[in-house]
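One chain follows as structure tokens, the form predicted on its own.
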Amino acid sequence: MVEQHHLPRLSARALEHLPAAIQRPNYDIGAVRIGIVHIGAGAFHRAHQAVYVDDLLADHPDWAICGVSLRSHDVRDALQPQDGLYTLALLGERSRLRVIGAIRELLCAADEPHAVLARLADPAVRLVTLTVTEKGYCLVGEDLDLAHPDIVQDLASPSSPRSAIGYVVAGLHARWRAGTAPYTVLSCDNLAGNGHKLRHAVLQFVELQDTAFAAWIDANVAFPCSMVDSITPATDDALRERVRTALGCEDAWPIQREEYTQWVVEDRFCNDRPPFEDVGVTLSTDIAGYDRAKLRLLNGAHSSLAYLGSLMDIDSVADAMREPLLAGFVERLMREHIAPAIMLPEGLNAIGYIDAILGRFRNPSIRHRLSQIAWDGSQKLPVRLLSTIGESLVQGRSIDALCLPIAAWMHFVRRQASRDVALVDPMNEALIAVGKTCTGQASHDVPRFLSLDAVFMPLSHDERFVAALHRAYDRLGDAGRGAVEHALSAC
């Protein structure tokens, strides 16, 4: 075997020498042109949106990506010597490797602000996308945080921006001044109503600068909503070694994700758009419906596995799905109790969507720890499960099965409190205080949990819910593995 330090670097020149099993760009990477600027070129973007674009470029070469990092130069420094190329490992029962070429330019705004602004002003750029995480939008509640240091700086020096909002606005301002058509601004962050929130923040920012410019944005710039989904584990040494061995060359920053990927985009653009529908993107007018389906079906099932599985001392989602009683319960929960109770968006096939979720849960190549999914239960359960319970009550549907994972969370809190183990939850102190007073009896414990209005209001006053929760809590007994298995077999 060739020693590691003698291996060549992944590059355009190396593509033709890669083994036949490695998928590579089916287009000339030197012939495509940049039409998209992406702010936040981290692993998720490179594993998700960039792959959809990579699928497009053979037939639509005007949509290549300029990847922009606001502060860190790590991605640029890793990929520039590789001609922007990187390896994606798609994790499944038969994992495979693919080289992605969609990102044709990499910039670090902290080092190259003028290059970023010039690219945003380029008329060939018709779409600006973002994955900057929720905090990157500098919001406080629903509004722009005008006291945020980056926003304060950008309002004082709008031509020298620091924030994502500042760069989006500066690029639009250059186009407004030049009479150039604006670009569409598409948030790809996991944030409900992301397009609405981004539009509101941009307009708040601009209205403090120039009302005429603000009116132009209001009338001409599109901010579509979107929903994204794909598990993207962090790059580790095992991945680097696997890629090195398979390619016969070095890749400074390979990435990995599960095979499954979903991208739903509101079909509202202001200046042309890529034919995303040709490569598997769902174009819809009901992004909220897809968000709701993901929250209730995927995330609701995840939380159910987390708390019931944790009581059974199971480590991961894939391990949980190898337990017939638990896997069967979660499948029935989705098919018989969640999907029928919620309004699904037009075009989403519930049977196929649930089948895909179950396949993802069983994927042996993804180790998603239940302990991590169990974080922040006080914040997650109201939107993931309690909302479905509320709608089921309105429809007169049984809620006994839906209450079992809620009761499991209560027992989980009680167990952690009895062991003096802190919860990863913003309500840790209140939850531990309740947990320490619990006795294991529903008549004593359930009312104490229901006093947590931030979690249970307004359901805590519904007699049907209270009774069902008492039954579920008692059904779990001492919350040991045997008791949980008995409760699952009865549902």
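Just count from 1 along the sequence shown to find any residue number. What we label the rigid core is the largest C-alpha set whose atoms superpose within 1.5 Å from one form to the other. Note that the structure is a prediction, hence the values are computed from the model and not measured.
Keep in mind that the form predicted in complex with a small molecule is missing from the display, and what follows is about it.
Of the listed positions (Arg104, Arg162, Arg384, Arg126), a single one reaches within 4.5 angstroms of the small molecule by any non-hydrogen atom in the model of the complex, namely Arg384. When you look in the model of the complex, the only residue of Leu155, Leu298, Leu191, Leu393 with a non-hydrogen atom within 4.5 Å of the small molecule is Leu298. Of the heavy atoms in Asp229, some are within 4.5 Å of the small molecule in the model of the complex.
In the model of the complex, at least one heavy atom of Lys380 sits within 4.5 Å of the small molecule.
Interface residue remark: Gln372 is counted as part of the site for the small molecule in the model of the complex, having a heavy atom within 4.5 Å. Among residues of the shown chain, Lys294 is one whose heavy atoms approach the small molecule to within 4.5 Å in the model of the complex.
Residue heavy atoms within 4.5 Å of the small molecule in the model of the complex occur in exactly one stretch of 410-418, 263-271, 173-181, 364-372, and that stretch is 364-372. Superposition on the rigid core between the shown form and the other one places the CA atom of Val317 2 Å or more away from its counterpart. Here Asp272 does not count as shifted, since its C-alpha moves by less than 2 Å between the shown form and the other one after the core is aligned. CA of Gly280 to CA of Tyr353: farther apart by 3 Å or more in the model of the complex than in the shown form. In contrast to the form presented, in the model of the complex the C-alpha positions of Asp189 and Val383 draw closer by 3 Å or more.
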